[in-house]
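Heads up, the chain below is alone and in the form predicted alone; it's given as structure tokens.
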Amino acid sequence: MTNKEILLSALRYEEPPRVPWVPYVGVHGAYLIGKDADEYLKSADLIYQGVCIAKEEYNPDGLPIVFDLQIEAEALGCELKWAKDNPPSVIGHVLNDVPLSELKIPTEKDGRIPVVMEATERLVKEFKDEIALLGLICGPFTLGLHLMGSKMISKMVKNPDEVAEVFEFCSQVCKAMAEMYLKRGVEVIAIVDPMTSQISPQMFDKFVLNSYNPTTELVRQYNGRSLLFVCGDATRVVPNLCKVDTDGFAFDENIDMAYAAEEARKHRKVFCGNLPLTVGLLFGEVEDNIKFAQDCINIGRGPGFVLAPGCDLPYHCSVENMKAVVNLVHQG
């Protein structure tokens, strides 16, 4: 089996001949080619180079094209603050200045979307038979926070109808972004919604659960696979993640691997995780990371498991530590 086939097998809830490996190379791709994150995320050429180097260095079964949850928000009019070693952050919430009725679903011509789609086309052409490329889109909850700011959470109680309208809009943005990737040959769509760890299971079901459906239904129409990425201590919503209409979910080291595996397998869901970033891949020793990876594999091995970092790799992530994990994976 090719690397790509190994990952797609796991995403079909099968057990491939070895554990699949997907390093979430975002702005770490900029580090690999000696560029700053802000320059990298504005250039199709640099994104292409970064992903190519990551593919060469880390022998992955899949790679994200970009890991930047501000692309949609920027295209919709949010103000960003840029950094040299991180993705940008939203510092201006567009719905503070204009009504929702004036916002339009972003197109392939808006913001940095043309840059990302140019890189996508080149990478699909380069690697379509070798590795799976992941199109990452900002999830409805996180995008809603970008558009409204933190007041959205209190309004979920005080003015739920207003929040529901924002969620409906964000859900359609997700679907539109997914289709841009899918029609270019991307076969895996990851809905990245890290902020869902901040709400209760009840609020998750009320506002978030069904907001993914337009995107997941579209992915199936393209015969693709879908994942939901969460961050932080989302332990209390793990049962809710298993109800989401994606093929599975990805999570970080704040969620116990054994618990996530147990819950996922009750529902025949794919689960991806959960190598620690800071204490492991960024600052840990090689021996630490081999142990972290082996522990994850021992717990997760079986149908539907994908070994991955807890979230997108830090800019300065240790290449030596990453290669130690790569060696372990490919030794069997």
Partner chain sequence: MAKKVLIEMFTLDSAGCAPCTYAKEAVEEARDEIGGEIEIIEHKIKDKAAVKLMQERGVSKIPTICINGDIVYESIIPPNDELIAEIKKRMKDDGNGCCCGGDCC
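Just so we're clear, the structure is a prediction, and the values are computed from it rather than from any experiment. Positions refer to the first chain, counted from 1.
What follows is about the form predicted together with its partner chain, which we do not show.
Put simply, V186 is far from its partner chain in the model of the complex: not one heavy atom of it is within 4.5 Å. The closest non-hydrogen atom of T107 lies beyond 4.5 Å of its partner chain in the model of the complex. In the model of the complex, I53 stays away from its partner chain, with no heavy atom inside 4.5 Å.
Its partner chain is not drawn, but in the model of the complex it has no heavy atom within 4.5 Å of K125. Screening 228-236, 204-212, 174-182, 128-136 for residues having heavy atoms within 4.5 Å of its partner chain in the model of the complex returns a single hit, 228-236. Looking at its partner chain in the model of the complex, residues P88, M195 and L282 each place a heavy atom within 4.5 Å of it. I153 is the sole member of L218, L100, V115, I153 with a non-hydrogen atom lying within 4.5 angstroms of its partner chain in the model of the complex. Only one of I71, L95, L145, M257 comes within 4.5 Å of its partner chain in the model of the complex through a heavy atom, and that residue is L145.
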